[in-house]
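Here are two versions of the same chain, shown separately as structure tokens and labelled structure 1 and structure 2.
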Structure 1
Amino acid sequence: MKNVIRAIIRQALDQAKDKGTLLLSDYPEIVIEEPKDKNHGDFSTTVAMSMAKTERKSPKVIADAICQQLQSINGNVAEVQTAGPGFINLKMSAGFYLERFLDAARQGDNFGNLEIGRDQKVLLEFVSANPTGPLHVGHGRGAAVGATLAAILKKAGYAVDSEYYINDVGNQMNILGRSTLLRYRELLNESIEFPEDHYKGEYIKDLAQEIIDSHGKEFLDKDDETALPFFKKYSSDAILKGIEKDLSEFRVNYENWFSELSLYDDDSVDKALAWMRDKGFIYDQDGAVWLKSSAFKDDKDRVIIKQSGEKTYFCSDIAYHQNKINRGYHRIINIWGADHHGYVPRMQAVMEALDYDLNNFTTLLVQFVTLIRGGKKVQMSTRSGEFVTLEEVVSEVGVDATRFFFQMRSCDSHLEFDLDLAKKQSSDNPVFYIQYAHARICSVFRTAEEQGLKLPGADDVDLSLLKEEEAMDLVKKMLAFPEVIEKSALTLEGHRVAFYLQELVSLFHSYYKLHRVVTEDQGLSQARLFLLDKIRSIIRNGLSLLGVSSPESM
């Protein structure tokens, strides 16, 4: 809508130039805002103030000249006035909105589809939890944020690949295998001492019991080094399979599952290090290999190969991100947990060393989640190996509520997840409130069908019958949907969609309380049905982006 208003103002500027009231030696930037006070109109602009210097006139004189031309443009502008030192306030006509609403209705579910990302390939990596345990609620929030962002970017026209990076190399995998092996021996009545730094969750005992059920005492007579490879592979495969299952049930799917081990199998890690060494970006010191990351605004250089010869996670990440670049992505986005904040500068240093435009490399950090039950925080401790899993939360409140609640705040804000509220069937629960609006509209259509009232087409409906202010408020809010998609895509902020839906359904519920949809007046009934049908479509589309279902009855 703001682009449409800009075009109208440009037309007014051209007319003012043709009539000699403005020089218009250069087109100014036209900033459009929506006044908080409805009495000030639908839109406002400061364009007159930005033109004062080049026009050599006061902003108020320029604003008056623009207003004079706006009043004559195709009946689109109902009211226009100069305010303050040179603001221009516009109130658009009902016909202006209804004409665009009909165009939106003709687009059906494609309304909101954009082309701002056309011909741009995006790689979106998210979750990427180590396959050493089930997903916890923090991973769940990252999954919801990533999946929704992928959906929004696709709707905005980008070609998006979602990717899960499997950290299946390194000491944590050895510790996983050894943890399961020790529990295996313990369950078979061997006396063992379980190390403090090993994985202590009940899921490790469950894995050990599975191996006993399928292999019995086969490994009791084998030394740890002989048995360890089997236990490591069995445990990581089983945990990864569980992760895939949890994510799929959470409506999160990926185009790619990328194994860290594959970077070693095809020598990508060694090739990346050789490339970096040839460029002079790595050096040897104190028996270790270092990246000159301080040359790229990191606070210090980083070890990539330890004195022991062991390659660090950072070493693999260099090769992984070089692989991302080589796959031809125009934009690379990582979504990591907030505990990775210190890792961001070194990865930016790597990307800069790899000659990748940092404007096209983004890392979003997902802040922690606090679960609330009965007004009190739910204890979540990973030190003991016990933590609240994503599966547990989904089992308690459902996928819909979990997906929505994870996106009720910007991902860089701490989130308090009220489990009791998520289960509540009232207007206090935002996801219920939105879904209920969709179900209520579906119920209205069932009533209309029972009375033989059909939904008219865009060419048959008479929208001029919608004279209520509340109806026009709904039309304006619906027409803002493409702008919400655009802003969400450009800022990488999926929570904007959740906010928008809450505002839209609030207007709908208010409208529904005041105005019967199916009335004795067939024309008016059809106009209101037409209005509700588009509301229903946008709710369905918005919830789909958030990974939330749209029930037809509740």
Structure 2
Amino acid sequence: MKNVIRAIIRQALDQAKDKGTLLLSDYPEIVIEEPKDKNHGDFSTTVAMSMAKTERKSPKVIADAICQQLQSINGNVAEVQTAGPGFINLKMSAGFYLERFLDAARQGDNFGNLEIGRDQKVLLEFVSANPTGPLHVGHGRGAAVGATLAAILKKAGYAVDSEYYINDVGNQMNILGRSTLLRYRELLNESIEFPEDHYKGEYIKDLAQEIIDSHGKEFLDKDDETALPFFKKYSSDAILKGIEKDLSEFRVNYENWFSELSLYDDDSVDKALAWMRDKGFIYDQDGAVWLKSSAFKDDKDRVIIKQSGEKTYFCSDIAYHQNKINRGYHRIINIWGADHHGYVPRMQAVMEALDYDLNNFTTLLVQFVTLIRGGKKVQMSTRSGEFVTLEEVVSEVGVDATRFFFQMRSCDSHLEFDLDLAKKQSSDNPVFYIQYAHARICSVFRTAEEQGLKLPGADDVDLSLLKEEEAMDLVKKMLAFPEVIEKSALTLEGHRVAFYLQELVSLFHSYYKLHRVVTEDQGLSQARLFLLDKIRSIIRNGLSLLGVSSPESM
């Protein structure tokens, strides 16, 4: 829509240049805005002000010159005026909007699909929690943000692959195995000492019990070395399976599950190291092997092989990202918890060393979630293993509310998740407010059907009957949907969709209150049904991006 306005302004500029009223040695960027104040028209532009210097005229004079041209352009512009320091305000005709609305309606659920990502392959890695315990609410936010971003990018035309990186290597795996083994022995009445740094959650005891149920006392008389591999594998497999189940129930799906272990199995790690060494980014010191990350934006060099000969997590991450690059992605996006932000510069250093354009590599940091119950913070502590799992929240408030609440805020804002509010069935609760609008529209259609009224086709409807200001407000808001998708895709900010839906639905509820849809006047009723059907489609569309269902009745 703004593009259309931009083209009109552009045309006016060209005409002014032809007539010699403006120099236009250099075309300025034409910024189109939607003024908050309705008195300032539907759109406004600041070009006149930004041209003041090069034209050496006052913004007002330039604005007047442009206005003069605009008036002669075509019938779509209903009103033009200059205002303030040099704004040009445009008011478009009702026909302009209705024509575009009809066009949007013809596109059905494809409305809002864009081409901006055409021929662009994007890799989106998110959650990637270690398989050492169930997903907690923080992971849940990452999952919701990632899945929605993937959906938005797809709608914007990108070819997106979602990926989960499984950290199934390293010391943590040993600790996990040992934790389960110790609980196993404990449950079989052996006295044990449970180390401080081991996993203390109840789920470890559950795993131990499962092993007792299936294997009995088989491992009791075996030493650690013999028993551990089994416990390690059993635990991580079971936990990963649980993670997969939690995510799929949370409507979060991946194209790839990528195992860290596989990078060792196929020598990718060694190859990546050899490549780095060959390029001179690696050196040996103090018995360890270092990456020269300080040659890039990182504050210091980082160890990739410890004195003990073990490789660090960072080491396999080099191989992992080389693998990502080799798969030919135009854009690589990682979504991490904010507690990993210190890791960003060194990863950027790796990408730079691998000769990948940093403009195409983004790490989104998702800030923490605080759960609120009864107006008070729910205490969580990873250390004691007492954190609230994603599964617990979902089973308490449902997938819809959880998915929506996680995306009500921009990623880099801390999120307060009010569990009581999420369960509330009233307009206080934004997710219900939106779903209710959808159900309400469906209900209107049921009433219409009882009256023998049918939804007209795009060629049979007379939209000029939609004369009310509220109807035009709705039409304008709907036409902004593609811009919301575009903006969300470009800024990687999914919360915009949540905000947009609230605004759209609020306009609908007002309209509904003021104007009865099913009336004696068949033509008018049909025009209104047509309007509602499109609103319904956008709600359904937007909610599905957010991973929220659209109930037909509530």
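Structure 1 provides the reference sequence; residues are numbered from 1 along it. For clarity, every value in this text was computed on a predicted model and none was experimentally measured. Take the two forms, superpose them, and find the largest set of C-alpha atoms that agree within 1.5 Å; that set is the rigid core.
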Checklist entry - Any idea which of the pair is the form predicted together with the RNA? => result 2
Checklist entry - Core aligned, does the CA of Pro28 move at least 2 Å between structure 1 and structure 2? => result yes
Checklist entry - Core-aligned, is the CA shift for Lys17 between structure 1 and structure 2 2 angstroms or more? => result yes
Item to check | Displaced residue check between structure 1 and structure 2: Leu529, CA, 2 Å or over, core reference | outcome: no
Checklist entry - What is the Cα shift of Met49 between structure 1 and structure 2 once the core is superposed, in angstrom? => result 2.7
